[in-house]
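Only one chain is shown below, in structure tokens, and it's the form predicted on its own.
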């Protein structure tokens, strides 16, 4: 089968314009020099750009005629290449996610980009640019159906299950009010650290320092509001019309205002569940749920694929939906020892003192220029009093737990993330000790899976003996879960 015919003018126009503009400005920069054999006039520059556009258009016609694909019971076969031919076959077993994306122009033309992601890949395994939207949806459904049929034939399951699996069940739909709330609560407060010393950095008029300082404060406030508005607008456009459904053993989502995505998340390939709550979300009782599959984490596929299974819902509902994806019991978390909290306070205090010393040295070199009634070095020193509070908040939001079938880790104050890792998905368990951790007999344990691009689960700053116990227990649970799954696969049922 071939790509959609509209892919030719779309690709020719989008790529031809860039090539034409490049040739135009390149020729313009060379006018009046000896680099060109002939003198170019403005009409000549436009002609040069037109030649580039025509050349790209002819190349796209050849690309369209030489590109073919075919979906078989074993995988997707693709033949491409204008000058040199490339033949690829992607086995169904390797396919993790099948994502469809369309911008506004593509939606008007009825075409779409279909990307196939595979486990452990550093780039999109295959991309069909561009097929009809109906064809993209057909390929997405057929790939899931063929994969399920191949798995059932190996396990000996009844084919009657296919009838039930094809039914679409709506799991979650983001209402307009929830989308507005998500947009308002999605601001990353870490951005504010960039503006902490903003007013002191602005130039001022001698003799009018108070006015300059007030103007700086107003400007910083304006920048904060602007950042918030931009963040809200991006979030609104990203998750507009979000729907999550389940078809058999696969999750499917739709989202996006300007760029529309239709993606798939195979449940059998789920590596890690990540529940996230920023400061504002925790105050209002909301959270997000992200699903990581082999090779990629949320939002990290080269095609911009799987973003989140649930962009925003109440914390209880997020927990229930997470348990529907990967059944687990909510554990009781153990925090790091209290000496880790002392370590955090000392580290924060040392960083603030270092910043104060740097600002003091700067004032000695360039002279005092701050409109504030106190030296710049005094600003970070004033925050030293809050170092124990920050250390306590960090310590309070860290922890780990061991369940019957899952390992759990929790980290972060501004964005608190709780990771749920099935034991049978664990790849490696690593215990580490830094120089500073050894001084307080602390250690960290990283529970890595095939979705390492999404960030491995980490139990940070545990007591060294507890860390060793946690590492050994996760390793034992891994072996135990693998034996259980092997025995289930070998059972005649």
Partner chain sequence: MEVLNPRVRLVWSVGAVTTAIVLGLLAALVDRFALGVGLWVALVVAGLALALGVVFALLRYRIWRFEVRDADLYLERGVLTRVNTVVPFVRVQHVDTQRGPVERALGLASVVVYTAGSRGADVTIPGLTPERADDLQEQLRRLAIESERESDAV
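Positions refer to the first chain, counted from 1. The structure displayed is predicted, hence computed values, not measured ones.
Another form, the form predicted in complex with the partner chain, is not on view; read the next lines as being about it.
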item	value
Which of 250-258, 222-230, 264-272, 329-337 sits within 4.5 Å of the partner chain in the predicted bound form, heavy atom basis	264-272
Heavy atom of residue 13 within 4.5 Å of the partner chain in the predicted bound form	no
Proximity of residue 433 to the partner chain in the predicted bound form, heavy atoms at 4.5 Å	yes
Exercise: residue 449 in contact with the partner chain in the predicted bound form, heavy atom 4.5 Å	yes
Any non-hydrogen atom of residue 53 within 4.5 angstroms of the partner chain in the predicted bound form	no
Contact residue in the predicted bound form, chosen from 320, 243, 88, 93 - any heavy atom within 4.5 Å of the partner chain	93
Heavy atom within 4.5 Å of the partner chain in the predicted bound form - qualifying residues of 404-441	424, 425, 426, 427, 428, 429, 430, 431, 432, 433, 434, 435, 438
